[in-house]
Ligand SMILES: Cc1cc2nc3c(=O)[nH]c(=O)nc-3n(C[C@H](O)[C@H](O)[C@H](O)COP(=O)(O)O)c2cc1C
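The chain below stands alone and is given as structure tokens, in the form predicted alone.
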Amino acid sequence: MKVLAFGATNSRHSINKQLAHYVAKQIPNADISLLDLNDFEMPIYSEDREKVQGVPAQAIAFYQAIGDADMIVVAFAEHNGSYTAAYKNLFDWASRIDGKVFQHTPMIMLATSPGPGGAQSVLASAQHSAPYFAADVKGTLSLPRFHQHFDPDAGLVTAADFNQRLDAIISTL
């Protein structure tokens, strides 16, 4: 199974990217492609820019990566209660190719943060809008206090309740 995993941020040391990779590794027989949003940097979306320059190659590549995947694992970083600018811009450009950005690909939506909120605001927003963009969401999970619940040396989440809920989601795939 081709699993596309990414943290919806351009942070080089993203805890959300680490979480997405961890979750992707829990999926049986996963052939994982781990994306870095830094590889998809492009001008800020505007209708005027699109008319003059068209859709950037990076947005096309992102859209194609989604289409090539059998499963998506995305972990949303939260900036001021919403999406990161890097993700929102990439998503806006990709939506110009086709509004059904996620192409009915099954996905697991995640979010984490260093604090107690676990980036639940952005996760709720992503889950709410998912049907409009053809996302087949199989489950959502938030991991609060990432640094207390993730062992970077072992690359694993130590929160038993998170892992139990993750196992339940994976069992439905």
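Each residue number is its position in the shown sequence, starting from 1. This one's a predicted model, so the numbers in the text were calculated from it and none came from an experiment.
Just so you know, the form predicted together with the named molecule exists too; it's not on screen, but the next bit is about it.
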| query | finding |
| --- | --- |
| Residue 81 within 4.5 Å of the named molecule in the model of the complex, heavy atoms | yes |
| Partner contact for residue 15 in the model of the complex: the named molecule, 4.5 angstroms, heavy atom | yes |
| Any non-hydrogen atom of residue 77 within 4.5 angstroms of the named molecule in the model of the complex | yes |
| Partner contact for residue 11 in the model of the complex: the named molecule, 4.5 angstroms, heavy atom | yes |
| Single option in 43, 67, 54, 114 placed near the named molecule in the model of the complex, where near means a heavy atom within 4.5 Å | 114 |
